[in-house]
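The chain below stands alone, shown as structure tokens; this is the form predicted alone.
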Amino acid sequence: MSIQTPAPAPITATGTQPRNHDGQAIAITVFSTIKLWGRVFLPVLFFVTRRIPKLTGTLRQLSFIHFARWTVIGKLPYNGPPQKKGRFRYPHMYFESNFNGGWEEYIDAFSHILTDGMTAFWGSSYGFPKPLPTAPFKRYIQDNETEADHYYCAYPEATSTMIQRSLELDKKLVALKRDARRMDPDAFAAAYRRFLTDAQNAL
């Protein structure tokens, strides 16, 4: 059985946890201004990636990422002065994601593993420096990142990998409990040993 110890959350200069953190979960929100041609290109890209799941297969395999979403925004709801009514002069890319681990490691994974994907998603944004080398890309993300006003995670002390394994373990345990009702002690002992073997990756 492997035990994962929760990593301590970073502390700000005021002695409080950043609003982007809740236990092991971290939120990231990035706004970037899109060039005019991106207004046409990005909706087509989103359409294609939604209908061909294998194009985002590598992203889905990164178990430390809860989710990642890119959206094109042309205007914001009007909330009164001093905000001006109407659409943006240029559309904006709205990127949001939740993940486990360090911020630097998260951006490194995007840069090295999803190099072509990052270029496709952010290539039409002003100032995008390409994913590699990582230092300019990290500065770009920092310059365009917005801290959350409030962030909540249902299971702050668990990583997404731990939650997935717990759900897998629960399915196996439910089946064992159901079958155990009609087993004698010897049969249950054998079934329990099989359960422990089969469930090793989830323990």
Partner chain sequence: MASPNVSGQAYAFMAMTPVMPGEEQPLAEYLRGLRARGPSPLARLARTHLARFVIVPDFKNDPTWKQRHEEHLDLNYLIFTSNLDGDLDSYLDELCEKLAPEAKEIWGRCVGCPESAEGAALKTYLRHNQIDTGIFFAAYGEATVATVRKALREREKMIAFAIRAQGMAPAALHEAFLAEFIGAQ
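Residue numbers count along the first chain shown, from 1. Think of the rigid core as the biggest set of C-alphas that the two forms share within 1.5 Å after superposition. Not measured: the values here are computed from a predicted model.
Heads up, the form predicted together with its partner chain isn't pictured, but that's what we're talking about next.
Of the heavy atoms in residue 73, some are within 4.5 Å of its partner chain in the model of the complex. At the 4.5 Å threshold, heavy atoms of residue 67 reach its partner chain in the model of the complex. In the model of the complex, residue 37 stays away from its partner chain, with no heavy atom inside 4.5 Å. Interface residue remark: residue 119 is not counted as part of the site for its partner chain in the model of the complex, having no heavy atom within 4.5 Å. Shown here without its partner chain, the chain has 151, 152, 153, 154, 155, 158, 160, 162, 163, 164, 166, 167, 169, 170, 173, 176, 177, 180, 181 in 151-181 lying with a heavy atom within 4.5 Å of that partner in the model of the complex.
Relative to the superposed core, residue 84 undergoes a C-alpha shift of no less than 2 Å between the shown form and the other one.
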